[in-house]
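As a starting point, one isolated chain is supplied in structure tokens, in the form predicted alone.
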């Protein structure tokens, strides 16, 4: 069972608990992006098991008529075993889904294979899939040019992986400026399908300004448990739709600690919860 403090960041261990969280969000005008926790599998059985759960999940999203979609990790679907296995499992999920399917982006060694699979299924599904790209990678500007005229959606994030300096920008202020520049490129060159993956108020304000200038449809995506009050306020204040990225599943412990390590405010939140708990 997930302890109360971790449940601020993880929506339980089961499909039902995750969908119950989505139902609560939907009533407040926020959509859900569900992610079954798990990554870097080296066995066919683990990749197959998560593929089957995702298929169950998309069927339940449709049956309950929720404003929700899913986001899957390539390494969860077997890319560390073979690119063919990853694509085969991803295809099974896409074939089963009426709802939208996102591909998370992992470290730079999987970028090419992830983008290749995205491009193929963006065309085959007429845009019912999306992919994440990371502003801290030097290559991302070129990748956005490749993706600009494809159907589907692109989520821009700053990037959370500790990549080699030769292929990634490491200065935080530099990454933020590149993010702003790449976001402007997306609003200018994309017909739609822009997802702003950020908790930074200045970035979110910048997206609103770009919308006023270019009128390109977009959405804001933020993590469960991080600036949640701001998420609810953005439903009325923002021109873009608001989605919450919602992890769930039995592998919650490592994810929870990663959230705490990433942001000082999360550590403070956790400490306050322990003291008051």
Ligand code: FAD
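Positions refer to the first chain, counted from 1. Note that this is a predicted model, so its numbers are computed, not measured.
Beyond what is shown, the protein has a form predicted together with this ligand; the following relates to that form.
Participant: If you check 120, 199, 108, 88 against this ligand in the predicted bound form, which one has a heavy atom within 4.5 Å?
Facilitator: Of the candidates 120, 199, 108, 88, 199 is the one lying within 4.5 Å of this ligand in the predicted bound form.
Participant: Given the stretches 75-83, 143-151, 181-189, 129-137, which is the single one in contact with this ligand in the predicted bound form, using a heavy atom cutoff of 4.5 Å?
Facilitator: Single hit among the candidates: 129-137.
Participant: Does residue 35 make contact with this ligand in the predicted bound form, using a 4.5 Å heavy atom cut-off?
Facilitator: Answer no; every heavy atom of residue 35 is more than 4.5 Å from this ligand in the predicted bound form.
Participant: Can you tell me whether residue 41 touches this ligand? I mean in the predicted bound form, with a 4.5 angstroms heavy atom cut-off.
Facilitator: Looking in the predicted bound form, residue contacts with this ligand do not include residue 41, since no heavy atom lies within 4.5 Å.
Participant: Just checking whether residue 222 would be counted as a contact of this ligand in the predicted bound form - the rule being heavy atoms within 4.5 angstroms.
Facilitator: Residue-level check for residue 222: yes, a contact with this ligand.
Participant: Counting only non-hydrogen atoms and a 4.5 angstroms cut-off, does residue 157 reach this ligand in the predicted bound form?
Facilitator: Residue-level check for residue 157: yes, a contact with this ligand.
Participant: 92, 100 and 248 - do all three of these have some heavy atom no more than 4.5 Å from this ligand in the predicted bound form?
Facilitator: No.
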